[in-house]
Structures are given as C-alpha cells and as structure tokens.
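A lone chain, given as structure tokens: the form predicted alone.
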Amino acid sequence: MTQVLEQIAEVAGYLWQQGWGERNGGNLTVNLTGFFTTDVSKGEPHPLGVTLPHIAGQYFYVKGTQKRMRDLARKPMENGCIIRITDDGTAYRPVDDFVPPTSELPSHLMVQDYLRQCGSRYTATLHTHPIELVALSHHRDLLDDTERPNRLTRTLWSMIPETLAFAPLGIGIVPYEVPGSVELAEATLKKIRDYDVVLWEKHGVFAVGQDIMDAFDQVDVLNKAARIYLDALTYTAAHPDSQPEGMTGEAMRDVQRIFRLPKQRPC
C-alpha cells in the first residue's frame, strides 16, 4: 500500500505544479480494498446520502475536505484518509485518524460503485482544474456532444498524434451543474460509460483510470492538446485568414492503425 500512497502523493504534486490544484481545488479517490483482509474501520458511521451496494465493505483513500494538493504531495495521510464503506453501502467509517473527506465524496463513490458493478479494472477517480481545457469549455461551439466523436475531441485529437494515441476515447462533455450536486454526479456517470475523461463545463474535468497516474496521464495528454490549440489561435488573432489546420482525417486514421485503437472503455 505504501507504493500506492507514494503514487497518490506524486500525482498531487504534479497537479499543484501544473496549476490545476489551486488552494483546496480538486479531489481524488483510490480503491485500496486489496490491501485489507479484515474490518479495521472504527468510529461512528458517516451517512453518504446514497446507497452504493457494489462497493459495500470496500476501502478507499480519499483526499480530505479543504486540504491542498501541495500539502497532500508531502503528507498524504495528514491531508487525506482511508475509509471503509459499511456493509449496507449507505455510509463510511474511517480506518485511521479521521480527516473529513472531500465534500464531493458521494460523486466519486457513485462512479467507483459503477466501475465495480461492471467489473472494470479501474481503481482511481480524479477531479482537477486543467487550465486550457477549462478555457475551451467557455466556447459554446466546442461543447456540442451529440456526435461521436464530438467536435472538441476531434479538435484535440488533430493537434498532435500522441493525443489520439494515448487518449483514444477522447473527452465527454457535461453541461454546467453546481459543483458537488447530485445532478453533476449523475451526468458524469452517464458519460463515464464511454469516456475516461469528462469535461465539466466552466469547472474542470473528472477522470478515471487503472490507477491514479493513469487517470492523470489521460488529463495531461488532453490538456497538452488544448494548450497547442489555444497557442495556435494566438497567431489567428493577428492573422484572421489563418486558422489552425490540425491533422487530416487520413493522418489520424494512420495513427489509429499504428496504435491499434480504440482503447477499451472503462466499462
């Protein structure tokens, strides 16, 4: 388990360095059930407000509420906690010294419950605020999610071959909802069926992965493409007749063929 906690701390440091985890922004959960064989939780149960039968009895590392990523990077157990979901799936109990978990815990655990329900190998969920992707979410013309792949995904894929190679599912889009709301959690659940990364309009992203580094890598690749696109648009501002060209459809098909895409979906 030490290696998993070290990886969590490493990713938290990256989030802070990238400027994606301002103040107490962002949160994460990682399933640690495989490291426990008996019930070592203690204290009174804390209601979740939802029933999550598929993760009943399972253990999770959770970032603490109002805790900073830069502090979590140095001291993960002082800025997060390990919890056990009760056997009826309606509450949690802490394992060690109690650090109140993120206010968005139900949202994260609803996704974790879905991943367990469908037998996914994914163990980690990550919410963060990647600057360039959030900036693009303020452009209405990029947020139409009725086609597959959607326009934003096609734009990001076309910026650099590695985006299509390493984020082959693209990015889903969730229209703006109040942070931490049930509506946001439910909308995210619908998109996670098809995507590793979901863009929360004017807010941030929610990502899933086989571990927390995998979830981070997906966001990192997509945000790099968003940065390239925005940088290309700075030239367009001075030269209106020149629009970012992007890779051709044929070039992107070559990438798909070489890398044997698409990647398996979360569920």
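Every value quoted in this text rests on a predicted model; they were computed, and no experiment measured them. We number the residues from 1 along the sequence you see.
The same protein also has a form predicted together with a small molecule, omitted here; what follows describes it.
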- Task: Quick one: from Q210, T51, Q66, S242, grab the residue that has a heavy atom within 4.5 Å of the small molecule in the predicted bound form.
- Result: Q66
- Query: Just one stretch in 160 to 168, 123 to 131, 89 to 97, 190 to 198 has heavy atoms within 4.5 Å of the small molecule in the predicted bound form, so which one is it?
  - Reply: 123 to 131
- Mark P175 yes when one of its heavy atoms lies within 4.5 Å of a heavy atom of the small molecule in the predicted bound form, and no otherwise. no
- Query: Even though the small molecule is not shown here, does Q117 get within 4.5 Å of it in the predicted bound form, heavy atoms only?
  - Reply: no
- Interface membership of G246, the small molecule in the predicted bound form, 4.5 Å heavy atom rule: no
- Do N223 and the small molecule share at least one heavy atom pair within 4.5 Å in the predicted bound form? no
